[in-house]
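Here you'll find one protein chain in two forms, each presented separately as structure tokens under the names structure 1 and structure 2.
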Structure 1
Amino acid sequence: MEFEAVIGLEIHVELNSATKLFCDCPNRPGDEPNRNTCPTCLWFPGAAPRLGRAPLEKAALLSLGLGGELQPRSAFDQKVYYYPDLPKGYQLSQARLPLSRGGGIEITDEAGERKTLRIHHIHMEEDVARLVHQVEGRTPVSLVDFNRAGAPLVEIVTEPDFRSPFEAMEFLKALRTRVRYVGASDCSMDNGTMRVDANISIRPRGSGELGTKVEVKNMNSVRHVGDAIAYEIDRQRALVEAGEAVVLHTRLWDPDRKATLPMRGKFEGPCVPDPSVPVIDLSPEWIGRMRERLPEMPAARTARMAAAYGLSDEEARFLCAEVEVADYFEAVAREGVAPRLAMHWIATQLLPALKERKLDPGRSPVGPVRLAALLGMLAREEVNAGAAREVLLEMFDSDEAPEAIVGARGLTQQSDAGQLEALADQVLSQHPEAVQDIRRGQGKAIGFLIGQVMQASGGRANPRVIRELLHRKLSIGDEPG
């Protein structure tokens, strides 16, 4: 029998608002333990939660950025569970009335078809504290760091629209791009600001029914999400083919064993409204203001940039995948650099150099204005491409203007035909065999000769002038001695 997988995702995104969800403590979980705390986020008796405006706005922007519809009324509930990372016994979460319903993301599936993966709803909740397990002497102890307690989270719950690990990975990448566009989170699975759980079941292909689902947690990269889903589909198929039933439970992905392993069930019950937290009533005016604050989203920006800068759809999409890259490109273009030259240099030189240095495009030591200055020199033939690459790398470690570096290093391009002619004559006399090849119609050898002249110039020669020079010399048959 042929099976198909039915997959839905639950994605937790930690918002980057300056303050926590229900108090004014700084939302900086990474600080010295228990530094960013107050009676409210320590959950002391009598402390009242006070929903902050900043996290609500971030959550609203994120929802709109994913196509969701903000609900006129949403509310928080108490989600009961007992664990030392939650020393009040319940988490405040929008269990019944979520902030946003609907939405979705369009991806390209394996077959190259466009497919929309729908979002069921998006709700807000507070994060729990972080447990640190240590050994003091020989006694194991568990310490609680409350910096993360009460940090604002949204949970994005999708419809079970996914049919493959590939679709899940494409969805997550597109989701991350959009959330970064609205500036609500950096969505890093690596440092835990994005956490993904997958609900997976299988059924005979063509069947309309849903099989028993298994939840898989603990994936810390997009690749792991794909691997875990693929593993779980295979595991369930093997079970069904062996005539065994799939049991509803939760499993953890073990990246070392590349397998999912069952975890102990968590006690969970229905949620009760919390009267201490007022319901959130959003007016149409407020929702309208949030819509106005929504930046241009990736699809719209891709289309606009392709048209405005004469880029191919693929090039525009590449630039728009990261909002910082798109911003960077447009800043360079605003300085008057030809768009295709800017695109080419950002894609092939700047981004690889940043990646090598583990830097974000938004925090590049070489800003768009300095890169534009360098590319301007290139366009004016004041420096050649090879030298410009060297200058760019040097700019990463220096605040100097590219003109200054070019000057100091003596990299100004030699375009003077008179000066280059002597070098060309010298090279032609040193390589009679290459000259012979060209005469015999082997055009490739011209590249070799250009390279030799370039080398003789210390990398400063203008390749266009050399090429013209050599063509002229070889075609008029002025054979060197």
Structure 2
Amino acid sequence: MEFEAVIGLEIHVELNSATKLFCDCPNRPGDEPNRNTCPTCLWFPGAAPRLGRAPLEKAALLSLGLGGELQPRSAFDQKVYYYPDLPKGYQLSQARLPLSRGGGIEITDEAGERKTLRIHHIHMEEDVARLVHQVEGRTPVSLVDFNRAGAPLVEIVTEPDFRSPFEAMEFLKALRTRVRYVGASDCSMDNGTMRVDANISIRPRGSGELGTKVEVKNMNSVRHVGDAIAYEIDRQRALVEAGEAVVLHTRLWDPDRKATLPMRGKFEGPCVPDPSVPVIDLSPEWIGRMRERLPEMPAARTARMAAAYGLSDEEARFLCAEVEVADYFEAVAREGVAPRLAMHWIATQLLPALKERKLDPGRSPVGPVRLAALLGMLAREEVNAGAAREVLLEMFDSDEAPEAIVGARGLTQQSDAGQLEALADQVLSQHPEAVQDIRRGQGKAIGFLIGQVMQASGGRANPRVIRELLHRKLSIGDEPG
């Protein structure tokens, strides 16, 4: 029997508001343990939660950026469960009346077809404290850090529209891009500001029935999400083919074993309306103001940049995948650099150098103005591409202008044909075999000769002028444009 997977995702995104959801404590979970707490975080007697405006606005912008419809009325409930990471014995979450309904993201599936993956709803909730398990002597102990307790979250619950690990991964990458565009979160799975649970089941292909689902947790990268889903699909298929039942429960992804492992039975505690947090009533005017605050989103920006800068759709999508990269590119282009030259250097030189140094474009030591100055020198043939790459790397460790670095290191390009002619003659006399190869029609040898002249010039010669010289001396024909 041929099976198909049915997959839905539950994605927790930690909002980057300055304060927690129901109090004025700093929203900095990574600080020294238990530093950012108050009676509300710790749920002392008499504590009264107060919904913060900043987290609400962040959640609203995130919802609108994902195509959701903000609801005129939403409310918080008490999701009851007893665990040391939640001192009041319940979590405040919008279980019945979520902040937003609907929305979705269009992706390209494995077959190259466009497919919309729908969002069911988006709701707000508070984060729980962090449990720290360690050993003191020979005694295992569990400690609680309440810095994270009360941090503002949204949970994005999708429809079960996904049919493959690839679709889940593409959805997460596109979602992360949109959330970063609206400035609601950095959505880093490495840092825990985006956490993903996957609900996975299988059914006979063509069936409309839903099989028993299994929830998978503990996936800390987009790649791990794909790997965990793929493993779980295979595991469930093997069970069904062996005549065994798939049991409803929760499993953990073990990246070392590359397998999902049993965690616990699936249990939903009671959920009751919370009387302490007022209902959220959003007026059409307020919702309209939030819409006006939305930035240009990735799809619109991709189309505009492709048209405005003469880029291909693929090039524009690459630049717009990260808002900071798109901003950087446009800042360089505003300095008068040819768009395609700017795109090429950002993609092939700047971003790899930043990745190696674990930096992002927003924190790059080489700002757009400095890169534009270097590319201007390259366009004016004051330096060649090899020298420009050397200068760019030095700019990461120096505040000097690229012009100063070029001058200090003697990297100014030699473009005078008279000065380079002697080097060309020398190389031609030293490599008669390559000359004969060219005369026999083996044009690839010209690249070897150009490299030899470049080496003889200490990397300072203008490759275009060298090529013109060699073509003329060897009577190869018209110099290609």
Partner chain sequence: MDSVFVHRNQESAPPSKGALAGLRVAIQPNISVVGWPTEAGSRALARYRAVEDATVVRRLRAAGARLCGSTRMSEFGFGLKGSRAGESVAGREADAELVLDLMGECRAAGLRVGVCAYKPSYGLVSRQGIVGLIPSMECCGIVSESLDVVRRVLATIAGPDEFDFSLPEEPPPDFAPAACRPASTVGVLAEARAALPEAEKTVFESALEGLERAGFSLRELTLPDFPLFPLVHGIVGSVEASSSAGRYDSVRYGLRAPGAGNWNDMYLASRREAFGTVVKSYLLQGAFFQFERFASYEDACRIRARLISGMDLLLGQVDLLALPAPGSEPSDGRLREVCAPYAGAMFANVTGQPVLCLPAAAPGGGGIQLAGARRGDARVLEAGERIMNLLRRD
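C-alpha atoms forming the largest set that superposes within 1.5 Å between two forms make up the rigid core. Note that the structure is a prediction, hence the values are computed from the model and not measured. Residue numbering: sequential along structure 1, first residue numbered 1.
Matching each structure to its source, the form predicted alone turns out to be structure 2. Once the rigid core is overlaid between structures 1 and 2, residue 431 counts among the residues whose Cα shifts by 2 Å or more.
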